[in-house]
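Below you'll find only one chain, the form predicted on its own, shown as structure tokens.
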Amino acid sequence: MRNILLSLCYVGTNYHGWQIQKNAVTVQEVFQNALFKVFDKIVDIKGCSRTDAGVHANMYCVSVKTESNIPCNRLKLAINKFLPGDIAVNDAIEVPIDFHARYSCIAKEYVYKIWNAPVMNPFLYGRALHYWYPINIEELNLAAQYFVGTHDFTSFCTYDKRKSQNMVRNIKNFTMEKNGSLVTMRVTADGFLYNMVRIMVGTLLLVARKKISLESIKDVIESKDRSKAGPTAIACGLYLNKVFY
């Protein structure tokens, strides 16, 4: 038995997230179908996280246990042969048998892209949030620093039917930069709650519009009240950018 770590990238526009669902096409379903064509059998796979409908990935990791002896460099090419153009395997390496794409992960980095101009860039349609109000990058960088550190992020989590969990996360870094009209938010943490990054983005955009002060983010965190935070920013601007092991 071998354990192979595959690094994928995908455009999430046509998929209802990563995880297999009964009534919607997902990245996992399409990927597992490709694996079946390569291995001619169902194999055990573990994804590094869930991604929501419309969210993209520059790096998404999957560990695959298989008895196949196909070399890693050939395996990558074989899988890509059966994948659509919006999903690709970038790398394949052999890892210890007890390695798990999700539980062996020590941190993840997400990127959120905003096109900050009156007219949307058609090449970023479905790949970035179109936001036409002025953005003061220096101010939002200061505001983002309130998220850095270990906090209870209950205020920044969408409640759903998943079982209750520890809401404490450690954000290691949160930066923003503007290159022309493209604003890029980059956040690294030991883990993320459901919709956490998108709600943080929505809250920072409230700061940008002077709806709340940047200092009030500290109060929103301490309130542990979802209604105190901003709206959930649309999914299309979000990218799982890096997975750290």
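Quick note: we count residues from 1 along the sequence shown, nothing fancier. Remember, it's a predicted structure, so these values are computed and weren't measured experimentally.
Another form exists, predicted in complex with another copy of the chain; not displayed. Remarks below refer to it.
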Q | Contacting member of V64, V27, I217, A57, with respect to another copy of the chain in the predicted bound form [4.5 Å, heavy atom] | A | A57
Q: Would you mind picking the one in N173, N90, T158, T150 that has a heavy atom within 4.5 Å of another copy of the chain in the predicted bound form?
A: N90
Q | Candidate stretches 93-101, 139-147, 79-87, 165-173 - the one whose heavy atoms come within 4.5 Å of another copy of the chain in the predicted bound form | A | 79-87
**Q.** Contact of V119 with another copy of the chain in the predicted bound form (heavy atom, 4.5 Å)
**A.** yes
Q: Give a yes or no for F123: in the predicted bound form, does one of its heavy atoms lie within 4.5 Å of a heavy atom belonging to another copy of the chain?
A: yes
Q. At the 4.5 Å heavy atom threshold, is V11 in contact with another copy of the chain in the predicted bound form?
A. yes
